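Coming up is one lone chain in C-alpha cells, specifically the form predicted alone.
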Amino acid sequence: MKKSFVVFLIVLVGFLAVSCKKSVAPALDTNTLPITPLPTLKGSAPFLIGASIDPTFLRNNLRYRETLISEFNSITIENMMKMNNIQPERARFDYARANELVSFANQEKMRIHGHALVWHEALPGWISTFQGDSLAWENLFKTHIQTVASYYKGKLAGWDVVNEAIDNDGGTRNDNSSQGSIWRRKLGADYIARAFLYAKEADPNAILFYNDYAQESNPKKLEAILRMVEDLRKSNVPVEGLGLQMHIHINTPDAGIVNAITKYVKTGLKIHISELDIQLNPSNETLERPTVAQLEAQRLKFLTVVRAYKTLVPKEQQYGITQWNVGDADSWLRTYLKKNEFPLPFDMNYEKKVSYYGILEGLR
C-alpha cells in the first residue's frame, strides 16, 4: 500500500507540473503589439488644417519642419507672395522664396493658399515713386495680379485676392491716413472688383477670397464687408470665399466670434479662418512665461473658435482653419510687432501647449 501510494503521488505531482506549465501565459512580445498613434490636428479634422509658413524657418529649423509635416495638411505663403517680395523692382518678378514653400508643400501633399495679390501694405519702394496717369496705374495693377496669378495657375487652391480693404469705420481705407490704400487713391473705389476679375482671368480654377480682420469685434466693419461682398456678387464679380483672419485674444467675446461666422455662412461662400492666433497677454505686460490661468483661457478660446467653425459652417463651405505660423517663436506678434506674446498652440520649442488640446476638443 505504501509503495502504491508513493507511485500515485509521483504521478500526481508530474501531472500537476505539466498542467501548470501549459497554463503559464507566454512572455509578452511588445514588438508585436499594435501601436495606436497619437492624434494630430490634421488627422482629427474633417477639413484642412493649415499654417502660414516662412522659408527661413523651414530651411533652418528642423522642429519647425517636423511639426508642419506631422500636424498640418495646408499652408499659406505668409510673406513671400506679397508685392514687395515677389516684384521688388518694376517688371522684375522674383519667385524663388515662394517656390521653395510651394515645392515643400507639393512634396508633402499639402494644399497651398496664396496671400496676397492686393494689399495696401508690403509694397515695394518703387511704387511710391512711380509716375504715370490713371491708365499707367491700371496697367501696373493688372500686370502684377495677372503675372503672379498666371505663374501659379493650377498650383494653388486659392488666393487672398484683396486683403484688408475696409477700414475700421466701415469705409474703404481713407486715402489720407497712414493706413490708406494707394490702390484706392490711384484707381478708385472699384479697384476691388477689377482685382477679382483680373485674377479670375489669370487662374479660372483658383478660389478667390476677400480677407480681413476684426469682424468678430467690430460689427460696423463686419456689416460693411458683407454689404461690399453682396454688391460685388450682384455685379458678377467672382468673390468666392471670405477670410476671417481671427487675430484675437483671450478676452474676445465668444458671441462676437459666433456672430461673425454665422453671418459669413449666410453668404453661401467658402469660409476660411485664415490667420488664427490668440493673444494671452493683450496688455503686453512683462511676461517670462505664460501663467496657468492664461494658458487655460487660451485653450478655451481655441476650443470656442474651432467648435464654432466645425458646427456652424456647412461642410460645402468649409475651406479650413489656418493658424498664423507654427510655434510661439515664429509669430508675427513677436517677430514683427515685438510683443511679449505666446499666441499659438505650440510653444517656443514646438511642444504642444494645452491650447493644442483645446483645438482637438473642438474638433471632436
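Start at 1 with the first residue shown and count on from there. All values derive from a computational prediction rather than experimental measurement.
There is another form of this protein, the form predicted together with a small molecule, and it is not shown here; the text below is about that form.
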_If contact means a heavy atom within 4.5 Å, which one of 286-294, 117-125, 151-159, 219-227 is the stretch that engages the small molecule in the model of the complex?_
117-125
_Triplet E71, K353 and S355 all within 4.5 Å of the small molecule in the model of the complex via a heavy atom_ = no
_Just to confirm, with a 4.5 Å cut-off on non-hydrogen atoms, which of Q215, N163, Q87, S181 contacts the small molecule in the model of the complex?_
N163
*Among F47, Y309, W324, Y64, which has any heavy atom within 4.5 Å of the small molecule in the model of the complex?*
W324
*Does at least one non-hydrogen atom of Q279 fall within 4.5 angstroms of the small molecule in the model of the complex?*
no
_K82, heavy atom within 4.5 angstroms of the small molecule in the model of the complex_ = yes
*Report yes if any heavy atom of D203 sits within 4.5 Å of a heavy atom of the small molecule in the model of the complex; otherwise report no.*
no
_Contact of R185 with the small molecule in the model of the complex (heavy atom, 4.5 Å)_ = no
